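One chain comes next, on its own, written out as structure tokens in the form predicted alone.
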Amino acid sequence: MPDVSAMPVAIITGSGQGIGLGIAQALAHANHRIVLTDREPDRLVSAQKTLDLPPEQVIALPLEVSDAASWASAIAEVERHFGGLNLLVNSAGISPRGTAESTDEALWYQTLDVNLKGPWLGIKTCLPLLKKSRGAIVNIGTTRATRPMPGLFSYICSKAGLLGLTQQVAVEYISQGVTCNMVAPGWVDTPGERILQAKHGRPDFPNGVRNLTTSEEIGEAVVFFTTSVGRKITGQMLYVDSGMHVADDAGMIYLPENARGRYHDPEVAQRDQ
């Protein structure tokens, strides 16, 4: 049995389900102590049961990523309970539909609050502990940060911004031993993605999608950035998308032409918000 007190500590946002929970599971298997966070208390209860770890290896904390006070409260509890922090994973995110025309200001700010402001606040709050441990930051982005797709306006803008944030943080803290990288998933089958796809005309999702990436595989990519080799890498974007960024969906995704309206037709996008 490993010495639990010697295990590195990882906090994962949005880890109540989906990609965040898959990341938490992979890090637990790699002998990390886990801090689960989510805005939904019921999800945290379920996630903690899924991990099935002893109390000394996991805690679950409510967290609103776009709120600085919520971050301060959570990290104070992490330090009190575990004594430090080695890894921050910014996984919480939303992916609403809309174009530059159909996206209103409320949706724009909501998307940036969760997808860009949230990671910045998390990094800002966690850095004092991460500098002490010479720790790591991994942001969860998307292939679409560099390969835009019609109808995902606020989402793609936020994730492109997250790539810039990743590189900027890597540059600012390289001399202090803190690394900052991004993992960019392609299509991942999660509960949230199924709900979103059903809302926008794909109740059969992920039927028709080949080379689907799993949440656990995203977790394994995050674990890589904690290894001795991974810690020599900073400011980089690791695509975990079965090649979608180079193929741009060719032969990978079932998306009939008559269904594309749900992404880029302003009237459809406005109707479905």
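Just so we're clear, the structure is a prediction, and the values are computed from it rather than from any experiment. Throughout, we count residues from 1 along the sequence that is shown.
Keep in mind that the form predicted together with a small molecule is not shown, yet the notes after this line are about it.
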Option from 135-143, 72-80, 99-107, 168-176 whose residues, in the predicted complex, bring a heavy atom within 4.5 Å of the small molecule: 135-143
I'd like to know if His245 sits close to the small molecule in the predicted complex, meaning any non-hydrogen atom pair within 4.5 angstroms. no
Is there a heavy atom of Glu40 lying 4.5 Å or less from a heavy atom of the small molecule in the predicted complex? yes
Can any non-hydrogen atom of Val65 be found within 4.5 angstroms of the small molecule in the predicted complex? yes
Answer yes if any heavy atom of Gln17 is within 4.5 Å of a heavy atom of the small molecule in the predicted complex; otherwise answer no. yes
Pick from Met149, Leu163, Ile94, Leu112: which has a non-hydrogen atom within 4.5 Å of the small molecule in the predicted complex? Ile94
